[in-house]
Every structure is written in C-alpha cells, then in structure tokens.
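Here you'll find one protein chain in two forms, each presented separately as structure tokens under the names structure 1 and structure 2.
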Structure 1
Amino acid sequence: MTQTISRRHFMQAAAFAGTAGLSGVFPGMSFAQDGRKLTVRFNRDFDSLDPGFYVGGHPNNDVNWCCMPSLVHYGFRDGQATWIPSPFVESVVARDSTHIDFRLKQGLMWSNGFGELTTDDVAFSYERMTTSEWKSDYVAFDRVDIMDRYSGTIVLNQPFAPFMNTTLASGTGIILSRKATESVGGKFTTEAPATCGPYVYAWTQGQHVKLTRNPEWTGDAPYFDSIDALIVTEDDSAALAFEAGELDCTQISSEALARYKEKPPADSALTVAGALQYMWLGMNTEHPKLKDLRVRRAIQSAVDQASIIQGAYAGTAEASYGVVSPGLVGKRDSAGYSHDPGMARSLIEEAGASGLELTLRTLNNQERILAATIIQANLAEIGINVTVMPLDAGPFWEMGQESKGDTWKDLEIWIMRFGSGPDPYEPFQWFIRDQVGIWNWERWSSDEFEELFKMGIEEVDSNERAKIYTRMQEIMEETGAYVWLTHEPEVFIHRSDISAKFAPSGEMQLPYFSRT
C-alpha cells in the first residue's frame, strides 16, 4: 500500500498573488468507451444544489463540481493545494488585489437548450450571491465587469486575501445559467434547471447519485464513464462496505483510520483531504459558575488533550492549540497551558469552587460523546461534577444564540467544532465583539482583538499575518474560555489504483479521479 498521508502545508499566503502556473485538466482520454465505473460514497443525502441556498453549511460540492461550471478549482502546485483555473476557463488571472480577469472557454453548452456559458452567467451568479443566504462569502465582492461574451473582470470592493480560496474555489463559487435559473423563479433545490459539466446526474433520494458522461460536454473528458455515489450516512457502514468491495472510495472515521493505518485492507490507500476543522471546549465567561478566571484556567489545565486524541480519535486527530488549522498561516505549535491536574485542583481551591456542578453540552455523535466522557472524568478529578447533555444538531447550533431563546444564559461549557476554508482569516470572524451572542458564545471581547482582526484582513504579508493571528489566539486563550482540543483530519480510503483528488474542505473532486 502506498501511504499518501503527508502533512501538506496547504497554502502559502503568496498563493493569492501568484498567477496560475497550471490549470485544471480532467484526466480522461477522449471517449474511451470501455465501461470505466467508479463507486464512491456520499456521507449525506443532498438537499440543495443551489449555491445561494445551501443548507446547514455543508454544500453538495461533490455533485456541483461534476455538473456545474466554476472559474477555479482546488488543485496542487508544487505538491501544495491551492486554487487552479478550472477546465471551464481559458485563464484566470488576479491582476491586482481587487481585480481578477477571467476568460471562459467557448462552446460549453447548458443543458435543456439554455445556450452557451457566457460572462453574463458569471455576473448573474455572483451578484445573486450577494443577496443570498451565503452572502457572507461575498462581502468583498463588488461586481463583474463584462468584457465580451466570454471574458470579464471580477472587481472587489476591498483587498480580501481569501477570496479565491474560500469563495470562488468553494461551493459558493458555482456558476448558474441566468436564463435557466430565472425560468424556475430564481432558485431551485435538487433539480438544477440547467447543468454544464463533464457529467450529468440522476438522484434517487436516500440511495445514490448516478453520474454519467454528459453527451453535450465538449471540454476535457473525465476518466470514468459513470460514477455511482451511494449515500451512506454511517461511517462504519461505509467502511464495512469498502472492505466488502462495494465502494471504491469513502471517507472514514478516526477509529477506522487508526485500524487501517495499523492493518490496511489489501490494495487500498489512505489520503488526507485536509484538516480544516478546529474543536475546542468552550466556556461561558458570563455564567456565574464560570465568572472566575481561576475556574476557567483550572478547567484548561484539567482537560487531558492527549487522552481525548487517543480515546475518542484513536490517535488520528492532530492536537490543536488554537483556531488556525494545520497548514495555515498562524498555526500554533503549543498552548500557553499544559495538562496539570495538581495545579488545576489548587486553582479550584483558591477560587473556592470545589464541588462545582457543570453541564457539558455536545452534539450527539459517538466521538464527541467519548470526548465529553473523558472531559467529564478529567473534571471529576479536580472536583467538578459534570453532566453530559447530548443534543441533536437543531438545538445544539442555536443554544448560544440570543435570537433563539434563552438557552445562552444557561450555557456553561460545551464542545464545539467549526470548519474553515483554507485561509486563517475565516475562524477569527466568529469571535469578534459583534459576534457575542451570535457565534461568540464564550461572550468575551477585547479591543486588541478587534484591532488585530481588521489588520489581518488587509495584511498580505504572510509573516505579518502569522504574527497577528498567533497573537489573536493567545488573546482567546487568555480569557480562559477555550480548551483547545483537536483538528480532525478528513481522511479517505480508496483503491490504491485510483488516483483520487480532494478539496481541502473534504469533498471528492470526482472529475479528476482516474485509475492508473
């Protein structure tokens, strides 16, 4: 087995400024009709293909990248992931920090007779996003200047470092047909009124998405004739199915990862797509029980991060020391505290808080429950009695929001995980003063932090950015409201003869898959 796990230092800040040295090419030899078939797994059913109305923060990029145009895709340069011009364009060039020039390929036709892909569609799609549910990705977007039928310029209203990577290359950078979208009233869900891409899809709810070659596609051919994406929500079932030979590629749980590292199934390979998740134990600094900084610091020292990584993640997750994920600028290598139950106990005694009763809220999935169980045991050692309260997604995601009832007042401690795009700017936006009661559930604020946040957005020098973001994480840590836990990697297992390509956000880039 070829172990392709390697720490990809995914992005350099310079990536933005550079022009693309290579562009995306689908690996297919033109129309070799030898029945090349791939079976992969989607871990959820899809809800919406409309980039304006993705639900729940988990875009169905896998399908969109097969059937819809976008200007850039994720790719690799010098072994590092970055954006690359997609097979839909002749070129994409960032002229300066606020202008991006692009030129579409000619003759790419929308399905259902909606004509050719044009600059107008690009302008329509991006402008539409500014009023959509995902407008936050487009705050820096100003307009698209149309040069001609195929070329144009994206204009930003301010320099915005992450725009290519977190917006255009992600699921929200998908381009729709103006005519087709308007023909169905301006939005759609699972049935795109027109597609344009190497594949067309057919979806059977709850079962699978079948991707087959688009007969109208005139661009590069992908390798596989057909791709069957089975919808399997349980990681364990998917792993079993992979072992039983029913899947060629699937994302796996950390427990399975540990097992496969130890004892890999025959003819298979593991690929880490990315580790852009950051998980921490949050504390409500305004809650009477946690108002005392000493109590929060005690908790920081009491939690045994190593046990959590071992116990709940089978040693496969990376230790976290802040909100910046591995491979990004500003990633810290250590925290300002360490696991020290003795000190934690004395802090608690100092604060006169022994016998404290706390409620730990967490999403109801197995790994989090295990992590919560370990935290529960850790805190018990220093005399804090913890009740674990598992919650389903709905109540979990609204418990700290002032607009969604009164739970935020009772909120004590919780395990939280956010995901980010491949730019360090992203995580910090949720912890600024304006976010208190929205996503800043820890409910603290700091003038220095606000200052640094603004500086970070405009700064393009990566060393400076690193300094800014490191300092910001220190500020967070000093509030005592954060116990850094893990960065969970998104790991896939696939047949070793398959060359698999993934977005750093953890989706399969199916048109780029091939068999060697």
Structure 2
Amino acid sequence: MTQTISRRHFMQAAAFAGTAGLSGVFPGMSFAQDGRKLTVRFNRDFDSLDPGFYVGGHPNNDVNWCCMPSLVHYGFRDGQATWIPSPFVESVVARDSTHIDFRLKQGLMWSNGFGELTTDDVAFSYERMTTSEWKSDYVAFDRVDIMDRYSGTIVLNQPFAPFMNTTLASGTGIILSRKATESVGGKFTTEAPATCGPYVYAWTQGQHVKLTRNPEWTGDAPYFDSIDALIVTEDDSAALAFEAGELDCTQISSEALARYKEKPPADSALTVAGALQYMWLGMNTEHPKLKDLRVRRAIQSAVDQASIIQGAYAGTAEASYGVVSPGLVGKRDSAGYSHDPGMARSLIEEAGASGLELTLRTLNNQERILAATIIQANLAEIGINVTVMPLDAGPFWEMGQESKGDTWKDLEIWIMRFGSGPDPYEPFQWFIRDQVGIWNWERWSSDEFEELFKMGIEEVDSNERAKIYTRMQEIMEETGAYVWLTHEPEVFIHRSDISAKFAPSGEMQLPYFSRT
C-alpha cells in the first residue's frame, strides 16, 4: 500500500503569486477510451448547488467542479496549496494586489440553450455573491471591468490576501449563467438551470449522482467517461464496499484509518486530503439554560478532549485549540481553559444549575455519536443530564438558521465541524455579527471582534495576522460558547492505480482523477 500523508500540503499558500501565461489543462488528459469509469462515494445527498446559498464542502463542491465554470482551481506547488488557472480560461494573471486579469476560452456553451460563457456571466456571478450567504468571501470585491466578450479585470477595493485561494478557488468562486439564473428567479437549489463543464449530472436522491461526459463540452477532456457517486452515509459501510471492490475511492472513518495503517486492503492507497477542518462543541448563548457564563465555562472545563480524540478518533485526529487549522498563520497550541471537573462542579454549584438538562444535537455518524456519548458522560459528572439527538444532514445543517424554521430557538448544545480554505481569514467570517441566525449559531457579537475582522482583511504581514487571529480566537473562547475538539482529517482510501486529486479543504476534484 502507498501512503501519501503529508501535513506540508496544508501550508498557507502565497495567494498573489502571479501566474501569467498559464493555461488550465487537466493533468494527463486525453480523449476517452472504452471502459473508463470511476466509482466513488458521497456521504450524503447534496442540498444545493447554488454557490451563494449552500452549505459548501462535500458533495456540493465535488459536483460543481465537474459541471460548472470557475476561473481558478486548487493546485499544489512545491508542496503548498495554491491556485492554478482552470480549464475554462486562456489565462489568469494577478497583475497586482487589487487587479486580476483573465481571459475565458471561447466556445464554452451553457446547457439548455443559454448560450456561451462570457465575461458578463463572471461579473454577474461575483456581484451576486456580495449579497449572498457567503458575502464575506467577497468583502474586498469591487467590480469586474469587462474588456470584451471573453476578457475582463477583477478589481478589489483593497488588498485581500485570501482572494485567489479562499474566494476564487473554493466553491464560492463558481460562475453561473446570468440568463439561466435570472430565468429561475435568481436562486436555485439542486436543479441548476444551466451547466457548463466536462460533465453533466443526474441525481437520484438517496442513491447516487451520475456524472457523464457533456456532449457540448469543447474543452480538454477528463480521463474518465463517467463517474458514479454512490450515496453511502455510513463510513463502515463505505469501507466494506471498498474492500468488496464496489468503490474505487471513498472517505473513511478514523477507526478505519487506524485499522488500514496496520493491515491495508490489497492494491490500495491512503491519502489525507485535508486537515483544514475544525470541530467544536457549540452553545447557544441566548438560550435560557445557557445564558449564565458560569454554566458555559463549566461545560468547557468538564469536557475531556483527550478522551474524545482517543475514544472517537482512535488517536488519529489532532487536538484543536481554535478555528485556525494546522499549517496556517494564527494556529494556537493551547486553550485558555483545561479539563478540570472540580472547577466545573464549583461553577455549576455557584450558578445554581445542578440537575440541568440539555439536548446535544449531532450529525448521525460514528465519530460524532461516540464524541457525543463521551461529552454526555463528562457532563453527567458535574450534574448536567444530556440527551443526545442524532440528526441526518438535512435537518442538522438547517437547525440554527432562522430562515429554515424555528428550531434555532430550541437549540442548546451541538457538535459542529466546519471546513476552511488554505488561509486563516476564512473561518472567522462565520462568527461575525452579520452571521447571527445564519451560521453564528452561538448568537454572540463583539465590537472588538468586528474591528479585528476588518484589520485581518487588510493586513498582509504574517506576524501581525497571527496576532489578530490569535486574539479573535481568545474572544470566541471567552464567550464560553466553544469547547474546541479536533482538527478532524479528511482521509480517503482509493485504488493504488488511481491518481486522486483533492482540494486542501478535503473535497474530491473529480475531473482531475485519472488511472495510472
């Protein structure tokens, strides 16, 4: 078995390394031969493909990168995550810190008769993102100056180091057809009104997503004729399917990783696709049961992080001390609290909260359920009775969003994991004041945090950025609303003859897959 596990892939990239004259081609591309089929696993159905109003991550980005345009994609240079021009462009050049010139390839057609991909589509897509749920990715975006049908310049209103890697290369850099999007009222979910890419998709809910060659695609052809993405929600079932030869590539659990490192399946390879994830136990600061800071700090002190890493992740996950992931500027090496059940009991007694009953909500997968069970036992030791409520992906990702119903009013504590791009700016955007009721489910705000967030956008010096982001994590921790848990790795097992490509955030870059 080959193991390609390296933390160096997750180092912060030089975001504005100008790349003049490069054209986006898929490595090892050639036109298809018979029998080129790939079978992979998605761990859930996608909820939306609209880059302005979706959860992101798996499997939404995996599908969009097959079927939708963008100016740049993730790549690696010298072991570091960076951006590369996509197959949709002749060139992308970061001329300076506030101007990015691009030229689209000609003749790339939208489906359903919506015409050719043009600069106007790029301008429309990015302007639309400034008022979307992901608007923080576009905080420095000013406009697109359209030169002609295929050429333009992205103009930023200030230098913004993460713009190439965090904004354009991630899923929020997807380009939509203006005409098609406006024809459906400006938003969509799982049925994209028009696609433009090397593949088209067909989705059978709860079963599979089928990606097949786009007959209208005139760009470079990917290696595989078709990709079947089977929806397998359980990690153990996916591992068994791989061992049985039913999958060519699947994400696996920490328990399976520990097992495969000892005794791998034949002809297999392990790849850590990303450790840019941060997981925590969150608390609703507005809920009557949790308004008292002493209760929240008691929960911080009661939870045994080391037991969770060993018991739920077989020791394979890295301890987290904030939202900045390993390899990025601002990563902390310790928290401002420690596991201290005695202190936790004293705080609960002081707050008069003994016998408190809480509901802990979590995604229904093996590691999260195990982590939740350990937290349940930890809190029982200090007189808090916890009911664990496992949820499927749909209701889980909606539970703290005011636009999705009233569940947010009853939300008490939960296990949450977000993914990040290869820049420390990205995780903080979800905890600003504007995100309360959207993704800031802890529902707090801080003037100091808001000011530091603005400073981080403008700062380019790494040492100063580290100071800013360290302080921002301290502020989050001081609310008592966060118990840092792990930086959970995204680990995949695949056939050893498959050249698998992943984004630093852990999604599969399926059009770049090939067979060696």
Partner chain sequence: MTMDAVGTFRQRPEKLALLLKNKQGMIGFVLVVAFFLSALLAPFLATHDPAQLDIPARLTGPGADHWLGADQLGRDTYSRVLYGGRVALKVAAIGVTLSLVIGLTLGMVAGYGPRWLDNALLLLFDTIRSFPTIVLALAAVSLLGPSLNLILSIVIITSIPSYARLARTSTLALKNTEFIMAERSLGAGTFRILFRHVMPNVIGPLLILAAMDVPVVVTIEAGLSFLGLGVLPPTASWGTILNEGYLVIRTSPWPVVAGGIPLVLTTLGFTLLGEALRDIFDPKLRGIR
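Heads up, when I say rigid core I mean the largest set of C-alphas that superpose within 1.5 Å between the two forms. Structure 1 provides the reference sequence; residues are numbered from 1 along it. Note that the structure is predicted; figures quoted are calculated from it, not measured.
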Identity of the form predicted in complex with its partner chain among structures 1 and 2: 1
Same rigid part for His487 and Gly506 between structures 1 and 2: no
Domain reorientation between structures 1 and 2, expressed as the smaller rigid part's turn in degrees: 25
Core superposition result - C-alpha of Ala312, shift between structures 1 and 2, Å: 3.2
Core-referenced Cα shift (Å), Asn284, between structures 1 and 2: 11.2
